[in-house]
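Heads up, the chain below is alone and in the form predicted on its own; it's given as structure tokens.
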């Protein structure tokens, strides 16, 4: 018996153009409210919310549908503290030795520094790993295609889902993230892509005054 490799597209809905315009405009207005937050509350978040947001991320397109991502969700305080201690050690080296003056100047308006309290304050750290290659059912190494692009799309969808659910996020990428493999017991074929902090913003959270580029700055219609 031959296995079907294609199915009819049954889940697509074609909306009237007026509805499409309304939906596009309302979604833009919602996403425009999204801000990167560095000051989090320790208020708990129901795990089911995170689970559904991860399910959303898993719907992302990927090269050859290989879905080359792993999400490690950390809520254990002791593990979060380990991550913070390791990250701050790397950050101290970055700010005192590795970062050029120009790089530090570029970061100045964001008021970042080597201290990362959000890593053990926020209820969830979602560590996103890129699977550089996979393994077939018989254990043979299997090449993955367009890994960075695929994981980037899934990460963007995860950030969007978390915001849509009502949570704040912070995208965090220390200079060297391989320490996360060790702390989280991940295999070497997985490379840390991003550490996404998720939770509620603190009541005193501040965000920098920034502007996004206009449509005219980012897009060309030909």
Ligand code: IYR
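Positions refer to the first chain, counted from 1. All values reported here derive from a predicted model rather than from experimental measurement.
Absent from the display: the form predicted in complex with ligand IYR. The rest refers to it.
A single residue from the set 148, 112, 121, 75 has any heavy atom within 4.5 angstroms of ligand IYR in the predicted complex; that residue is 112. Taken together, the three residues 177, 179 and 190 all stay farther than 4.5 Å from ligand IYR in the predicted complex, as judged by their closest heavy atom. Using a 4.5 angstroms limit between non-hydrogen atoms, residue 173 touches ligand IYR in the predicted complex. Ligand IYR in the predicted complex is not approached by residue 135, whose heavy atoms all lie more than 4.5 angstroms from it. Although the partner is absent here, residue 88 lies well away from ligand IYR in the predicted complex, with no heavy atom inside 4.5 Å. In the predicted complex, ligand IYR sits within 4.5 Å of a heavy atom of residue 107.
You can rule out all but one of 138 to 146, 76 to 84, 112 to 120, 125 to 133: in the predicted complex, only 112 to 120 has residues with a heavy atom within 4.5 Å of ligand IYR. Residues are counted as partner-facing when one of their heavy atoms sits within 4.5 Å of ligand IYR in the predicted complex; in 58 to 86 not one qualifies.
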